[in-house]
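What follows is a single chain, given as structure tokens, in the form predicted alone.
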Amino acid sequence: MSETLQEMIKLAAAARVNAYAPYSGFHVGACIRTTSGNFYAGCNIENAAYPESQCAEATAIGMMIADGDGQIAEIVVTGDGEHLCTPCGGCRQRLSEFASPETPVHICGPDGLRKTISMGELLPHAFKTDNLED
């Protein structure tokens, strides 16, 4: 495992600890690395109005955009359960806006790396802005 991936897992795990999940009790952390080499971590933030909650991936993307960055090279998502914690459908679409189908997505748990898949495997038919061009 590369030092970069180890650092991303560490940052995602640290963000997961800070998750605000009083309703589900399920803490998620994410870290994205951009093509410029920057890391952005985020955690899930729940709200009593469930649709108003925010996923860890969305938090990390928001940090990236606020910093003026914009092209994702690698993604780590870590949950605190025994099953794989993959990005939800909405986050798959969000991530695909800033990542290529080949972008690796590392799925982790408290025990570390569990599986690596590509963005294209997660969302094989992403709706992208180039689909709007005619």
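Bear in mind the structure is a predicted one, so any value in this text is a computation, not a measurement. Start at 1 with the first residue shown and count on from there.
FYI, the form predicted in complex with a small molecule isn't displayed, but the following is about it.
J.: At 4.5 Å between heavy atoms, only one of the stretches 97 to 105, 51 to 59, 65 to 73, 33 to 41 reaches the small molecule in the predicted bound form; which one is it?
T.: Flagged stretch: 51 to 59.
J.: Quick check on residue 86: any heavy atom within 4.5 Å of the small molecule in the predicted bound form?
T.: Because a heavy atom of residue 86 falls inside 4.5 Å of the small molecule in the predicted bound form, the answer is yes.
J.: Is there a heavy atom of residue 118 no more than 4.5 Å from a heavy atom of the small molecule in the predicted bound form?
T.: No - in the predicted bound form, heavy atoms of residue 118 and the small molecule never come within 4.5 Å of each other.
J.: Is residue 18 near the small molecule? Define near as a heavy atom within 4.5 Å, in the predicted bound form.
T.: No.
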